[in-house]
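Take a look at this one chain, the form predicted on its own, written out in structure tokens.
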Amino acid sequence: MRSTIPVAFLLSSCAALGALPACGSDAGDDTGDDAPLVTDGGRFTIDGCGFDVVTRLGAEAPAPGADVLGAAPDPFQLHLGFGGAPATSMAMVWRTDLDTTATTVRFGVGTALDQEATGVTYRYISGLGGAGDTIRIHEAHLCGLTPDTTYSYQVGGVGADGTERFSATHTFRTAPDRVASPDAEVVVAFVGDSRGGYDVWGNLTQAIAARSPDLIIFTGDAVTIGQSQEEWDDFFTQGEDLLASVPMVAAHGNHEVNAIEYYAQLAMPGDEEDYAFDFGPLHQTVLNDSPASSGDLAGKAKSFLDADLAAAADAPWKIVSQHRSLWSSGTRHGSDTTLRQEWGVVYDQYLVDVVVSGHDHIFERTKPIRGETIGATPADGTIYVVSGGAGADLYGTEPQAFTEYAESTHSYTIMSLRPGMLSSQSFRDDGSPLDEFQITKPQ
């Protein structure tokens, strides 16, 4: 007999697109394909994890899964994320046909599958102006997990007649707890800007998988048009082998245009725009620099950033990820001086170690920078990395005085972090080494 642990669910925050009529209600419980499709968004609260399920305008309110299997119930485009602490939680997101509402995760420590949890499901209408296909999403969050532990899992469901349809068995590992394991090391992959180059993206995900990361930070622009479900299908299909075993969270890119497709298909903390979390020795902050309201850059986002970094003062390593680059020698966009004025001062104040962005389709690493002053050692400022080479057409580079190294190439970056040592290696899409650097500091 399978036991059940507390489960809760996280989708997107209503707040980012304004108050929604269904927020706080249980609207959307009837998720059958014949039910009217009401896409006002909504909220579903389940005890256990300390955060709610919230969907945005363009999607149904989330509802618990039911014992219904449609004609094509096999899960596909399975990928991991999280909405709570990554040391004790994990989220699974997958798709099926529209009629399937069975939403179950079987999981256990090691190779066991002796526990079970039920998720939520909902639909949204894709395309510009909601004129595209209707998409069924399933999402479940497991909470109360043991830190630094490998789990096996399957997703799928059981029909009313007892018929079962589940995915293949995959594994994931929870993050180490910083207090319990103060010397733990984590490996984080940084990559972004795959739009239009999904074959390259697929090859990069295989190369990234071979380096066994614990976490993936995507720096935005997964697709060219945020409302293009076909592009999202390419993105998730090409990356499924990696993303079904390693959680990925993302910084919103300008090409995502705050579309429902972005927020509906990714499970991320907080409001899924500006959020932060601890992952072993790493304190990772993620920001949306293309919000629906441009005033958020100097308002909501900056206030969040200031409070977050103030609270994380004792973290061994502080990394911020966003899409646009404060410092870039790329010939298409270059440095974003507005963000430098608004957010750069905060990075300087709280001694952020590294900022990783995209937007320019290049690789670049700057010299340490504080204010407008270029330093000689990491103690002199923040290092800015542009990792925008996940498949999109490449841009040129014109190295500046702040540039340590820049190249027009498809690439990804792997950072290993433990207290006292950050080691970064970047690789081209052909597997050759591109760049490396280390930062050491007393703890």
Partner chain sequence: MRAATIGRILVAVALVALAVVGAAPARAGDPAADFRAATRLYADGDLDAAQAAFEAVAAADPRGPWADDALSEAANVAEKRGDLDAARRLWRRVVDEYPQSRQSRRARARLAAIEAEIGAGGQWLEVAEQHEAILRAAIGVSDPTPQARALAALVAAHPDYPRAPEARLWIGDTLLRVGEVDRALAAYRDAVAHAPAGDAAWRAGKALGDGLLVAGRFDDAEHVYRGLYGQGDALADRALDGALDDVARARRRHRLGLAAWLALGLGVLVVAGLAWRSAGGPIAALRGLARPPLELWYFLPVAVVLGAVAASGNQLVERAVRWILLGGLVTTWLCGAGLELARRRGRLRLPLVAAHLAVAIAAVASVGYLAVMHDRLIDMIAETIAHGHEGR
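Just so you know, these numbers come straight off a predicted model, no measurement behind them. Residue numbers count along the first chain shown, from 1.
One more form of this protein, predicted together with its partner chain, exists but is not displayed; see below.
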**Asked** Counting only non-hydrogen atoms, which stretch in 304-312, 287-295, 129-137, 154-162 is within 4.5 Å of its partner chain in the predicted bound form?
**Response** 287-295
**Request:** Indicate whether the candidate residues 393, 425 and 433 are all in contact with its partner chain in the predicted bound form, with contact defined as any heavy atom within 4.5 Å.
**Result:** yes
**Item:** Contact test in the predicted bound form: residue 213 vs its partner chain, heavy atoms, 4.5 Å
**Value:** yes
**Message:** Please tell me whether any heavy atom belonging to residue 336 falls inside 4.5 Å of a heavy atom of its partner chain, as the geometry stands in the predicted bound form.
**Reply:** yes
**its partner chain contact in the predicted bound form: residue 43, any heavy atom under 4.5 Å** = no
**Request:** Would you please decide whether residue 167 lies within 4.5 angstroms of its partner chain in the predicted bound form, comparing each non-hydrogen atom pair?
**Result:** no
**Fill in**
Only hit among 359, 79, 141, 283 for heavy atom within 4.5 Å of its partner chain in the predicted bound form is 359
**Message:** So its partner chain isn't shown here. In the predicted bound form, which residue out of 115, 203, 341, 349 has a non-hydrogen atom within 4.5 Å of it?
**Reply:** 203
**Residues in 227-266 close to its partner chain in the predicted bound form, defined by a heavy atom within 4.5 Å, in order** = 234, 238, 245, 246, 254, 255
